Structures are given as C-alpha cells and as structure tokens.
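The chain below stands alone, shown as structure tokens; this is the form predicted on its own.
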Amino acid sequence: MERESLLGANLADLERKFARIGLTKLDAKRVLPWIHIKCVSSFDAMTDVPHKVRSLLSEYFSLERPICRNLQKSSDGTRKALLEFPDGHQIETVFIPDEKRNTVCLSIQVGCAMGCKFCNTGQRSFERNLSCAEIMSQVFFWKDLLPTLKELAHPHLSNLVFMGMGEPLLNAENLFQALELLLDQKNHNFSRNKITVSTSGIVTHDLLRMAKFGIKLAISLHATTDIKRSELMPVNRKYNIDTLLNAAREYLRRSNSEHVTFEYLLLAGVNDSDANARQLAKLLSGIRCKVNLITFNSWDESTFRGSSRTRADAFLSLLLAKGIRTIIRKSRGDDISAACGQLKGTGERSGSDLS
C-alpha cells in the first residue's frame, strides 16, 4: 500500500485522515508541530506521541522528502536541486543565499503549459500539477539541508518566491493550501511580506482570491504592446495588457500590498528600445509598482540575446526619470542554469555536490 504524505496537511486535514484509522483529534494536535515546526522526517522522532500511534502512522502515512538526484552549487553560492517524486517526475528548486536573507525559489508544476518563447521551462511540455505536499516538500528539503551549509550568514529561510517551474495560478488550490501552511503562525510562520507569487498573466478569479493572503505579486510583462507580448507570451492572446494592468490595480486594492512588481526581460532588439521604455512608463503610470529589469539568461536552442549593459542602463534611466521605481535584478546561479527562465527539471541522476 502506498503511504500518503502528510507534508501538506494542516490540523483539519490530520484530524480527518487520523479519524479514518481510529486516531483522535488529540493525536492530530500532538503530531502537527512535529511536522511543520520541528520538521522531522520520521514518526519515530515524535517523542511525546505514544509508540502505538507512531507505529500506526508509519503504516499509513509518510514524511519522506523527494529524492535529490542532483545538487549543484554556483560560484555565487546559489544551489539548485533536482528532486524526484515517487512517480518518477522531476522538478528543480533553487536556494539563493544573501547577507540579509535566504530565499528559496519553488516550483508549482512539472513542466509548464505557458509556452513563453524566452523561457527554457516553457519548452518542456506540461506533465502535471504538484500537490500541496509536493510543493511543501521543497521547503522541507531546504530546511533539512540548511544546517549543513556552514558558510551562511544566518541558518534560516526568510523568503519564498513561487518563480520556479510552472504557472502558480494554474494550480491555485494546491498553491493556496501551501500558502495557508506557510503563513500560519502555528506552523511555518513566514511573513506575508516575504512570500512572492509570480504569474505570467493569468487573470482569473483565482488571482483576486489570492489577495486575501496579502502576499507580494509579481507579474511577467516583458513587452509594451499586445502584438509583441502575444509573440513572446501566448497567454496575452487571452489576457491582454489592459486586462492584466486592471487586475494588478484590483489586487493592490484587495491585498493592501505595498506594490506590485512587474518583471521585464530585456531582449536585444526585441523590447529594449528607448521607445519601449517610455511606453512602459506610460502603461504603469499611477500603479503602485516596482519594475525588475531582468538580464536574459541563455539556454540551449534559444535564439534570443540579452541586451547590453549600456542598453539596460539607458532603459533603467528612462524609467527612473519617469518616476517608475526600477532596478536591474542581479542574476544568480546562471552558471548552473539556476537563473530566471533556465529551470528545466530533467537531468542526469548524478551525485550531489554538497560542498
């Protein structure tokens, strides 16, 4: 019998699951903090849970993490893990250390259905959504690994970004279940200001439902006209730029967030002209926002080139002059294909580099 993972279970879930095998609500209350606060990977580690209960839990349930098939370390300290689930599907997740924060980039799907032309993940066909337990397992994986990373300025996860493989709003229910656990003060207790969900531009009711969490929203924009954006991002054919910007304004109103982040990938000769910068400033005028200008990270078979630093600086200056808060986002982990747009989620089953 395949055992069911409890990594995505909240208290109500545990009570329902435990009732089916004759365990009580008290048992569920005892077990919950061991899963989400102490983050144990074995029921035997739950020392205040009766042995009989632990044995029953081990028979029906699991706390196992996915198998790490490959762990790579970048020259800048970024790490990328290739994780495999029991059904053989693989995804990638990234750990980005910094002096003031440790950020984990989480995947939400196996593959991606969005087909953005500049994104390596989008060239892999969509296979399936990740369950809440599989989303959470990426957080557990990095939490387990942190104590072994002696060079870190501080040994805690501080920030989470849903910017890995897949479109979060096409797996909204599992995303929302994970957010509830991550934000719950009695569980992982992340700050709402430390979690960001990125969307390629899915404008459905789920986007506005997400506003109740008060988390940060990042929107992949990447073009200033519908014609160009539709060429780069097929999603624009269904949800155009005006629709997307109106949704961003409504998200700000409902979530009480400080700002929305617009991500803009600079592609040489495609979307990086002075005219593009002026048009972008016009589009975003009046919206509480920040713009992240992103350096294009190359991958095999890509036909795009990134803008030069001189062109990126000129684009930045034009936006700043128009009063748009803008930065050029520093690329991390590009030497191990861990940077924005490079994740693919397939690889050789090689050994891990834990150094």
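Source: prediction; values computed, not measured. Don't overthink the numbering: it's just position in the shown sequence, from 1.
Only in words, not in the display: the form predicted in complex with a small molecule, which the text now covers.
- Heavy atoms within 4.5 Å of the small molecule in the predicted bound form map, among the stretches 113 to 121, 280 to 288, 137 to 145, 186 to 194, onto 113 to 121 alone.
- Looking at residue 198, you'd find a heavy atom of it within 4.5 angstroms of the small molecule in the predicted bound form.
- The small molecule in the predicted bound form comes within 4.5 Å of no heavy atom belonging to residue 272.
- Contact check for residue 263: a non-hydrogen atom falls within 4.5 Å of the small molecule in the predicted bound form.
- Not displayed here, the small molecule is approached by residue 297 to within 4.5 Å at the level of heavy atoms in the predicted bound form.
- Scanning 163, 175, 83, 203 against the small molecule in the predicted bound form with a 4.5 Å heavy atom cut-off leaves one residue, 163.
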